[in-house]
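Given as structure tokens, the chain that follows is alone and in the form predicted on its own.
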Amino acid sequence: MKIKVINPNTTSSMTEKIGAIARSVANPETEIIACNPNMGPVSIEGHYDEALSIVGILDEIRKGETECIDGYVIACFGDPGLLAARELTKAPVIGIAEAAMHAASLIATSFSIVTTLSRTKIIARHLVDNYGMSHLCRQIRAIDLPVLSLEADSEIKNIILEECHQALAEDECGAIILGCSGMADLTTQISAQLGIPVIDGVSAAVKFVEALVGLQLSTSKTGDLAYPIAKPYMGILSSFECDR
């Protein structure tokens, strides 16, 4: 089985971290291909960044269709371009926010999310609502530090840990979701210190893809997830024209 894990930003050090986490949980026979687009923002911290990252994500999906990829993970907590990606392939495509929330719902009756910047909390809230998780989500918290500080500042781990302590003490949550793929390496440490499940969406998404492929379940091509309608695309997007 080959799973392509796409970091939608262009920061290669974060891609390497995401790939290492994905490989640590994948089955031995699963090949993890971690990648990032060669175009787009260096970090994704708002609607504008998300919108511009989607073209790069779709390009990686298109490449994957020629690489015999069995499933895909979109490794950004905003799940940018998720439904568009599903239109391009029959292989399962899982977003890490979607995976983390569904995993939390299976092991707890409530969860809180700890993310990076406060401005992204509304994006997370929209996802909570769209995924039908509003009744489970106690709180969405932010440490108010930029995504790339996760790559550069070793002290940030203590800040995240403290926010998770606050979530446990104040929110009465049964689990905590780390709301950024750059936090993926912290789950074991934080869970051990807090004594509750701490969920990283990268790991959860990889295991969900493995399960779907194992069950021989593919993305529906009936209705809105059918392959894109063939039509001309103009200007710099002309190469994205679909010919199905």
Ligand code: 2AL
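Just count from 1 along the sequence shown to find any residue number. All values reported here derive from a predicted model rather than from experimental measurement.
This next part talks about the form predicted together with this ligand, which is not shown.
**Asked** Is there a heavy atom of T15 lying 4.5 Å or less from a heavy atom of this ligand in the predicted bound form?
**Response** No, T15 stays farther than 4.5 Å from this ligand in the predicted bound form.
**Message:** Can you work out whether I177 and this ligand are in contact in the predicted bound form, taking contact to mean some heavy atom pair no more than 4.5 Å apart?
**Reply:** Residue-level check for I177: no, no contact with this ligand.
**Asked** According to a 4.5 angstroms non-hydrogen atom cut-off, is T115 in contact with this ligand in the predicted bound form?
**Response** The answer is yes: T115 has a heavy atom within 4.5 Å of this ligand.
**Asked** Should F111 be classed as touching this ligand in the predicted bound form when contacts are defined as heavy atoms within 4.5 Å?
**Response** No, F111 sits far enough from this ligand in the predicted bound form that none of its heavy atoms falls within 4.5 Å.
**Message:** To test your reading of this chain, name the stretch in 57-65, 214-222, 186-194, 42-50 whose heavy atoms come within 4.5 Å of this ligand in the predicted bound form.
**Reply:** The contacting stretch here is 42-50.
**The single option of V147, C137, A85, A103 touching this ligand in the predicted bound form, heavy atom within 4.5 Å** = By the 4.5 Å criterion, the partner-contacting residue is V147.
**Partner contacts in the predicted bound form for 186-208 (non-hydrogen atom within 4.5 angstroms of this ligand)** = Nothing in this stretch is in contact.
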